[in-house]
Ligand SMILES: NC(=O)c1ccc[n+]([C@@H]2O[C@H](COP(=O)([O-])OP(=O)(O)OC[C@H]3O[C@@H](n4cnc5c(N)ncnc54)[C@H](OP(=O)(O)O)[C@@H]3O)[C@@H](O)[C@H]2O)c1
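Starting off, we have a lone chain in the form predicted alone, written out as C-alpha cells.
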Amino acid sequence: MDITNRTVLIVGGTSGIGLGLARRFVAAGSTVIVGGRNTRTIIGLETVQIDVTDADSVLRARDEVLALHPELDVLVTMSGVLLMEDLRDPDHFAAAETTINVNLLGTIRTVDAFTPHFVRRGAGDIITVSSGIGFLPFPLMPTYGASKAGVHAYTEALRAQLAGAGVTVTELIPPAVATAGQEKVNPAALPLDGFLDEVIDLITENPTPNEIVVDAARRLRWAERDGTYAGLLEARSRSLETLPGR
C-alpha cells in the first residue's frame, strides 16, 4: 500500500494506535481526518465527530468528510472498547452489549457507510482492526475476543465481496500494545512506536498482505496451527484469579 499522498479517515483515531497511525500517514505526506466521539484533544489534525454506536452519527460524519474530501481513498475503522467481564455474574451483559455495539457493529456501520463511495471510485483501501485476542481468547475479556473474531470474519467476507472492485481490504491484528494503560496490566505490551514501525513496514509491502501481523502477534494468530493453543489458553486463563471471589 502506498501511504504517500493519500486521503485517510481514521475512525477511532483520537488516541493510542489510531492516533499514532494517523501521525505516520501525515509524516508520509498524506491528508488525514481523525474521527471519534471526543476530538477536542486532537491538535494539528483535521477531525470529525462520530459515534460508531449511532447510525445517524456515522452517516453525518460520512457526508461531512466526503463533502470536504471527495477524493477519500483510505478508511481505517478501529473504534473499540476493552472491558473485563465475570460470566458468572448476569450483570456482565451490559458490558458485553456495549462491546459488541462498539467493536463489531461499529465496524460494520462504518464500513457500510463508506463502501459505496469506494466502489464508485473503483479504487481505495479499507483497513479494519481486529486483535490477537480474536484468535486466542483472553478469558478475562470474553466478549472483546468474540467481537474481534467477528471483525476478522466480517473482513474476510468483505474482501471476498469486493474482489474485482478495485478496493483492497486489509486487517490489522495487533497484540497487546502499550496504550491506554495496557503497559500497567501487561508488562509484555509492545511500545507503541516499535509496533507502528513494524506495521508501516508490513503495510507498505507490494502487494499489501491481507493481514498485518507483527512478530509479537504471530503466536496468537497461529496458535491453533502451531499446536500451542491449549497451553497458551491455560496460561491466559490464570487472569481469572483476579476476579472477586475467585
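Being a predicted model, the structure only gives us computed values, none of them experimental. Residue numbers run from 1 along the displayed sequence.
Although it is not shown, the form predicted in complex with this ligand is what the next lines describe.
S.K.: May I ask whether Thr14, Leu82 and Val177 each come within 4.5 Å of this ligand in the predicted bound form, counting any non-hydrogen atom?
M.R.: Every residue of the candidate spot has a heavy atom within 4.5 Å of this ligand in the predicted bound form.
S.K.: Just one of Ala113, Leu136, Val102, Ile127 has a heavy atom within 4.5 Å of this ligand in the predicted bound form. Which one?
M.R.: The residue from Ala113, Leu136, Val102, Ile127 that makes the contact is Val102.
S.K.: Of Thr31, Thr47, Thr53, Thr208, which one comes within 4.5 Å of this ligand in the predicted bound form, counting heavy atoms only?
M.R.: Filtering the options by heavy-atom distance leaves Thr53.
S.K.: Looking in the predicted bound form, any heavy atom of Arg37 within 4.5 Å of this ligand?
M.R.: Yes, Arg37 lies within 4.5 Å of this ligand in the predicted bound form.
S.K.: Is there a non-hydrogen atom of Leu75 within 4.5 angstroms of a non-hydrogen atom of this ligand in the predicted bound form?
M.R.: Judged by the heavy-atom cut-off of 4.5 Å, Leu75 is well away from this ligand in the predicted bound form.
S.K.: So in the predicted bound form, does any heavy atom of Ser131 sit within 4.5 Å of this ligand?
M.R.: Answer yes; at least one heavy atom of Ser131 falls within 4.5 Å of this ligand in the predicted bound form.
S.K.: Have a look at 88 to 96, 140 to 148, 156 to 164, 116 to 124 and name the one stretch with heavy atoms inside 4.5 Å of this ligand in the predicted bound form.
M.R.: After filtering at 4.5 Å, what remains is 140 to 148.
S.K.: Can you tell me which bits of 217 to 242 touch this ligand in the predicted bound form, meaning any heavy atom within 4.5 Å?
M.R.: Heavy-atom contacts to this ligand in the predicted bound form: nothing from 217 to 242.
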